[in-house]
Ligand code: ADP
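Presented as structure tokens, the chain that follows is alone, the form predicted on its own.
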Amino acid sequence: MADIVFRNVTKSYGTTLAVDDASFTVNDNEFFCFFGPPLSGKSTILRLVLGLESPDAGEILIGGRPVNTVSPAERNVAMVFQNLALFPHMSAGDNVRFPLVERKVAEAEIERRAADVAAKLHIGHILHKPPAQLSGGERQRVAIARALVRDPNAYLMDDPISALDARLREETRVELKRIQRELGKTLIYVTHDQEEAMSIADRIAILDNGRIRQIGAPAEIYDRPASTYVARLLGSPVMNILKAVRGESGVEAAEGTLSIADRAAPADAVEIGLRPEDIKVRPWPNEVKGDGAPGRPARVFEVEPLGGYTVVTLAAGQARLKALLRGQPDIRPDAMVVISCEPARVHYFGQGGGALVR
């Protein structure tokens, strides 16, 4: 078993609070992702798990064993650092084999495992080269291979594929997910790429200035964000957050341009959230009828055709909204349109940004 548990862990660097009273459990065989902006505490949590840093308060357990005073070598976790940390005087192949050589594994077993991981990451043709002769993406894959070749309790990866181009990054993250399932090992992954986090993680922890704001499955966090902070962090384009005014039949926003006929709307809602893909855009005039058709039009501010879908920026009163439409609709800048949203797709937030239940 290699579940990893943090109990009220705090870590500071001088006056900077890097991890603030963090409590969570990474389950055995789980692909767990930490996601957040730079300086939110993601890498510090990995260093605490690895043992390169000691917590100021709280307890860390690996496989049910407290490890606050256990050295990194005794914790038996493999790490892929963001800066890769390859040995420059060794070939790529020797870098991959190094963890097994140090543990005095039999030579035949070393060769078998090294060849297997090299095939999975498509680096067999570069194993004879030193790191200085490799591209950034090749060095990153060698660093990942060096971690995978071991048989640790858990794998830790600090933004390991950021240097790869978009196509190779997409292929590699799919491979990492497949390899993790095949190995049946716990994997903790840090990234600032929301698409990466959503596509590969079993669960995601959203971080903000060292605090964990929400933990859950990707779809759960996307559909039910716990706060406006989380709502804005996931999604491309990001969720539209608008000031809400409670009326007799529901909620109005954007100076009356958007009307939501939802009698179940929380009375203490001060903001509403609308995912761009949930906003319906139809032609004006006002004779057009439909769900929550407003009394005032919105103006098309900008149109961004992206092939399979189109991002439309709307001027609704003083607000700017993003709508995500399928295909390439016949919409032009400065056109007047009706905007609406099904009540069930509206998110409500109270004072302080916390999510409210309808």
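Just count from 1 along the sequence shown to find any residue number. Values in this document were obtained by computation on a predicted structure and should not be read as measured data.
FYI, the form predicted together with ligand ADP isn't displayed, but the following is about it.
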query: Ligand ADP contact at Pro37 in the predicted bound form, heavy atom, 4.5 Å; finding: yes
query: Non-hydrogen atom contact Arg47 with ligand ADP in the predicted bound form at 4.5 angstroms; finding: yes
query: Interface membership of Thr16, ligand ADP in the predicted bound form, 4.5 Å heavy atom rule; finding: yes
query: Contact label in the predicted bound form: Ser43 to ligand ADP, heavy atom within 4.5 Å; finding: yes
